[in-house]
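Next up: a single chain in structure tokens, the form predicted on its own.
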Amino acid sequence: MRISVMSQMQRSFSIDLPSLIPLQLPSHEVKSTSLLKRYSQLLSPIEKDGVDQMRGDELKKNALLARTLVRTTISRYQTNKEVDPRSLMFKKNVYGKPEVDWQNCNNQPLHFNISHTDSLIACGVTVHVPVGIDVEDKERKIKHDVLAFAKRFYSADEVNVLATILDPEVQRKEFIKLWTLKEAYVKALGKGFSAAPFNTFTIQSMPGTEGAYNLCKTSEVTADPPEETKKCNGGWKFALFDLADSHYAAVCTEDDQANEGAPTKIIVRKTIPFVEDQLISERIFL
């Protein structure tokens, strides 16, 4: 799996899972008019129209960088050889999730997903299995009481875990981590948020691991009365990690049965297409 990210912080990262590599691109680092023009040349007419329809120069720039990141990341890893990013075509599935149009290929070789914050854009790419990625600012503020907010959206099991955390700041951070993981799962499903409301499943950390999580289905949609958790589903793999010390990033992929539960390797790189590509770190997630 590959993950690419562009950010306003002028940093770029890439993440690599077995047969995956993530990349990040920081938009505030990209100020060259000639480089932005080169990025624009990679886009299809429809994508260019979409960029032009954005309101404000900053939104247009971010949209351009996002599309550039998707194209350059996928082209870099397509069937293990580079292809012209301009040759890629895209479509949406029946639920509206964007995907590469591989024409007459029934088994899609690469899947991708993208996530935005005000300062970061992340793109994940996987081989043969669906992927979802979400990034959230660590300092994101929650206007309402954390537990009250959690009771509206999270499963009873998750609310109970949060309730055991007495430090308000630690509780807020754990809430954000859960939100990031849940978003990644729903996006990996690719059926829209109505198909998997947040309170219909539970994300649990895996004992003895750092940043690895399990998905557990719940027996009720509402949290009142508290639902009992069904057995955890090993069909999805999760990873949670930091990006640039300022964001949480969560990646969810469907477990590739061909790899027989092999650990997931994530490589983080700083990259600016056509300019820079630097390895930042490598980690293994169970």
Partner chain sequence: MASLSATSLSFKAPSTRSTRISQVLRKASTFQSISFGRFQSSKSLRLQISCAAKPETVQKVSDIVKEQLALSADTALTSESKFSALGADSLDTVEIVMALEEKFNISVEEADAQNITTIQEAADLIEDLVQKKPAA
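For clarity, every value in this text was computed on a predicted model and none was experimentally measured. Rigid core (definition): largest C-alpha set, two forms, superposition within 1.5 Å. Residue numbers count along the first chain shown, from 1.
Another form exists, predicted in complex with its partner chain; not displayed. Remarks below refer to it.
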{"item": "Contact label in the predicted complex: Tyr185 to its partner chain, heavy atom within 4.5 Å", "value": "no"}
{"item": "Any non-hydrogen atom of Gln204 within 4.5 angstroms of its partner chain in the predicted complex", "value": "no"}
{"item": "Partner contact for Lys37 in the predicted complex: its partner chain, 4.5 angstroms, heavy atom", "value": "no"}
{"item": "is_contact(Phe90, its partner chain) in the predicted complex, heavy atom dist at most 4.5 Å", "value": "no"}
{"item": "Option from 138 to 146, 158 to 166, 67 to 75, 206 to 214 whose residues, in the predicted complex, bring a heavy atom within 4.5 Å of its partner chain", "value": "138 to 146"}
{"item": "Residues Ser44, Lys48 and Leu189 all lining its partner chain in the predicted complex, heavy atom within 4.5 Å", "value": "no"}
{"item": "Heavy atom within 4.5 Å of its partner chain in the predicted complex - qualifying residues of 33 to 48", "value": "none"}
{"item": "Flag for Lys91, CA shift 2 Å or larger between this form and the one not shown after aligning core", "value": "no"}
